[in-house]
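As a starting point, one isolated chain is supplied in structure tokens, in the form predicted alone.
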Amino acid sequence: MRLRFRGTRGSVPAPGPDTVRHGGNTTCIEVRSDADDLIILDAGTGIRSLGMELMEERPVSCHIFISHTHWDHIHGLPFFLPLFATGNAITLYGPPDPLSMTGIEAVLAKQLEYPHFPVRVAELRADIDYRTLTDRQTVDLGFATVSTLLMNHPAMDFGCKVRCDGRTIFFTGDHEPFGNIYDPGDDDYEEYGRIVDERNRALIDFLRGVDVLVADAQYTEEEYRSRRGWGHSTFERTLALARDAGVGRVCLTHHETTRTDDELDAILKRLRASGEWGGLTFDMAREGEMVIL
């Protein structure tokens, strides 16, 4: 199995000379089996270049898993060219919308409607199958399995564990560490603390044995103090999670929009020099980089 980062930026695309090395497109990860079967994790702007390449090897058959439906994880979908061509088979998986009580099929329907976009869903020519996911569900694709876990984010957000060719990766989507929202002494502090402990243990158990963790690590610890509740983690907390779960390798992604390549390199250097992570192997995700398992 191999994965390739097509987009590594969080929140909004950030093209320009200061983001060339680590990338300016939003989240999209291409996952290939040894037999070249294709899974796509999230559909940020990074999916556009992948779609252009896929059109050169038609017919296209792929499985797209959407962690959650915030814009930076879906706004490349209307520009994914295989959707517009006959003979292509695309299965789109993702969470429901608990407010509108709709499934993942509503994502494209809302994006591809006037006045937002000139092409409507009815005009797409590919064979598109929509499958709405639930927590702790395992989808058997034949060549791989994909298992979901509900993460902590201001939207229904599923992390995805992909098992393929004897190897396993876990992609968090967006995730903020579970923490107690009450202060010591509040009536609900102890009870909520037990819930937090249970969720943390469940996440660590889910990650055990994972070969590669691809994780949201948008903030430094200092930045996080003023961004609690925004739904994202820090570099240090993500590495501590991987260390505690015995993960083999970590790719830190969902880079802060304003973070430059030089700043990301400086943070990576500081983290590696700290010596806090044992034998854990980790790096910043870089757009275009391929990881072979």
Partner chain sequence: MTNLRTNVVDAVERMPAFPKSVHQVLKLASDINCSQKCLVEIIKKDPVFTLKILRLVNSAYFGLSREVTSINHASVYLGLNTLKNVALGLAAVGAIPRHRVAGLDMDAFWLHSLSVATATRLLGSMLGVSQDDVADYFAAGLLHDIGKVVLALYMAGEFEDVGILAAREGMSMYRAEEAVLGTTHAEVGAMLAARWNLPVDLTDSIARHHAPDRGTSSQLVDCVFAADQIVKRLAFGSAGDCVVEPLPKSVRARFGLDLDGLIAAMPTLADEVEEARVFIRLGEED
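Just so it is clear, the model here is predicted, and its values are computed rather than measured. Residue numbers count along the first chain shown, from 1.
FYI, the form predicted in complex with the partner chain isn't displayed, but the following is about it.
Answer yes or no: in the predicted bound form, does the partner chain come within 4.5 Å of a heavy atom in every one of 96, 153 and 196? Checked in the predicted bound form: all three residues contact the partner chain.
Among the candidate residues 135, 123, 140, 221, which is the single one with a non-hydrogen atom no more than 4.5 Å from the partner chain in the predicted bound form? Only one listed residue qualifies here, and that residue is 135.
By the heavy atom within 4.5 Å rule, which residue out of 178, 206, 79, 84 makes contact with the partner chain in the predicted bound form? Comparing distances to the partner chain in the predicted bound form, the residue within 4.5 Å is 178.
Considering non-hydrogen atoms and a 4.5 Å limit, does the partner chain approach residue 129 in the predicted bound form? Residue 129: no, not in contact with the partner chain in the predicted bound form.
Contact test in the predicted bound form: residue 192 vs the partner chain, heavy atoms, 4.5 Å: Heavy-atom contact with the partner chain at 4.5 Å: present for residue 192.
Find out whether any non-hydrogen atom of residue 117 is located within 4.5 angstroms of the partner chain in the predicted bound form, and reply yes or no. No.
Location of the partner chain contact in the predicted bound form, chosen stretch of 85-93, 165-173, 213-221, 178-186 [non-hydrogen atom, 4.5 Å]: Residues of 178-186 come within 4.5 Å of the partner.
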